[in-house]
Every structure is written in structure tokens, then in C-alpha cells.
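Take a look at this one chain, the form predicted alone, written out in C-alpha cells.
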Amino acid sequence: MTTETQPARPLLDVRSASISFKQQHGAMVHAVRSVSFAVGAGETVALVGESGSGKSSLARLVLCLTRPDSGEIHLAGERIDHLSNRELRTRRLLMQPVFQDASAAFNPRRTVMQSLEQALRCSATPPVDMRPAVEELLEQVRLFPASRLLNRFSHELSGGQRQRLGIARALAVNPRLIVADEPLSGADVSIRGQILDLLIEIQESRGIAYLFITHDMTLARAFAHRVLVMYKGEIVEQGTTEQIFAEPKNEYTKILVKAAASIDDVAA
């Protein structure tokens, strides 16, 4: 008698999700059109596409910051898009966002200590002694010396430091998935490399999955296991990173891959 091995259940499972918005003059914009994809535990999936393709709208759907007009969002085997805001509070501990504009993500009146302490208090098992826990978070994202940063405000940090602080806050609740929406946009090459190395290190130590949203195909190639290509609200192609770059099938994907190759040639 043989037993069949069941495929692993995805950590994030988006099923035919759609959302539309009404513009000021009354026209409807179909921001996300029947999108389906999955992210496995410990996997990095890059969502790529030009500005206006619907990437950020899809990120907000995944995080249930907006609700889909149709379709479903499942996290760790549970449908979450229909839950109340109160019910979502505990479910959201499994996933956390890291936003593009780290400066806008923090209350300017709170110190680093206060911001991270607030996040730690939201975790399933808040630490009794906060200061060591906060310092440990800062050290995990390579913000040294941690003790000297506790009383600083976010605006007193550099752009790279603020982005690391955003990652530390996301890690405070021990999530299984991080949704990173253009987290390296505007950063110089050296900072981008450092943050990518940090994200890889965190993934290896914690087993975290990433939905990594970017317009930069070179970042997707360097960082992701799989790539989703989004165009005008739809996923027009998806596959392993190797497949997408070696044999793109969609014409839009071919344009993105060719552009990335041209940038690499210039950089070389």
C-alpha cells in the first residue's frame, strides 16, 4: 500500500482577488483583476511591474488594509479577508509590512525605544523586560550600538537606519511573512546591498517568507525564488526566477527582462 505525499499548504494563498476604485470624475479603475498566487513558508516571491501596475494595491489587499471586491485571501490556511478588524488584529501578527517611506511609517514624537516597545507589546508573548528585547531587535538589524539609539527619534536617523528600524518593528511580533513594498526605492547601491543581505540573513535564521514588491527586475533576480509579473492589474506571468529570466513568455515580461539586462551591461 502506498501513501501519497500531500503538497505543503502555502503560507499565503491569494485566490482570484479583485478590487476597483472610483476616481473623482466617476470613472472606475480596476486596480487588481482576478489575481491568484501563493507564497510558501520561507520563500521569497518578487512582485514586479512598472508604477501604476497595481502592485501596491495588491499589497494592501494581502495585508487586508483594503478588502477585495471579489476573491479570497488565505493566511496559514485560514481565510482572513472577511474577518472583522478586531479579529484581524491577532491574525495580522503572522504578517507584517515594511513600507517604502520609512520616515512616514513612524510617529515623529516617539523615540526608537517607544516605537519598538509598542510593537513588542502587540506580540503574542510580550517580554517582561523591554529594554534588552528592544536592544536585541536593533542588533538583529545591525543597528549598533543599540544602547545609543534608544532615545533618538526616527527623523534623527539616516534613511538606511530608518529602513532597518522598520524591519526591526516588523520582526517584533515574530511574523511568518513580511510584505515589503518597494523597501529599497531611493536607496543608493551600497545601502541596497546591505539591506538585501540583512533580509537574506533574517530569512535564514527565522524562516520568514517575503512578498517583495519592486519595479526593479535586477533586485528580483538577486533576491527572489519566484517572480510574479504584474501589468495593468493582472499577473501576466509567474515562475521561478530562473525561468522568468531565461525564457520569458509574455511580451511585457520580455521588455522588463531586456531592460534589466541593459542596466547590467551599463553597470559592468
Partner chain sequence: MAWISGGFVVLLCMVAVLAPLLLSPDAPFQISNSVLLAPSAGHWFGTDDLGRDVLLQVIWGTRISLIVGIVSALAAGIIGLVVGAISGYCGGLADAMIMRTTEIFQVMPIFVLAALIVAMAGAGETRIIAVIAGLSWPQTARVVRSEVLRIKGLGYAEAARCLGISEFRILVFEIIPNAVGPVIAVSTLTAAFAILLEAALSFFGLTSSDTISWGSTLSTGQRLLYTAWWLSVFPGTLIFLTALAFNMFGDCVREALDPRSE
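Positions refer to the first chain, counted from 1. What you see is a predicted model; the values in this text were computed from it and never measured.
A second form of this protein, the form predicted in complex with its partner chain, is not displayed here; the remarks below concern that form.
Contact residue in the model of the complex, from R79, R89, R131, R148 (heavy atom within 4.5 Å of its partner chain) = After the contact test, the surviving option is R89.
Which residue, S103, S158, S190, S185, has a heavy atom that falls within 4.5 Å of its partner chain in the model of the complex?
-> Of S103, S158, S190, S185, the residue with a heavy atom within 4.5 Å of its partner chain in the model of the complex is S103.
So which of 192 to 200, 71 to 79, 134 to 142, 168 to 176 is the stretch with heavy atoms within 4.5 Å of its partner chain in the model of the complex?
-> Only one stretch passes the 4.5 Å heavy-atom test: 168 to 176.
Going by a heavy atom distance of 4.5 Å, is M113 a contact of its partner chain in the model of the complex?
-> Judged by the heavy-atom cut-off of 4.5 Å, M113 is well away from its partner chain in the model of the complex.
Contact of S84 with its partner chain in the model of the complex (heavy atom, 4.5 Å) | Judged by the heavy-atom cut-off of 4.5 Å, S84 is well away from its partner chain in the model of the complex.
Are any of the heavy atoms in L63 no more than 4.5 Å from a heavy atom of its partner chain in the model of the complex?
-> L63: contacts its partner chain in the model of the complex.
Please run the contact check for P126 against its partner chain in the model of the complex: heavy atoms, 4.5 angstroms, yes or no?
-> Taking the distances in the model of the complex, the answer for P126 is no, it never comes within 4.5 Å of its partner chain.
Within 213 to 239, which residues have a heavy atom closer than or equal to 4.5 Å from its partner chain in the model of the complex?
-> If the 4.5 Å heavy-atom criterion is applied to its partner chain in the model of the complex, 213 to 239 yields nothing.
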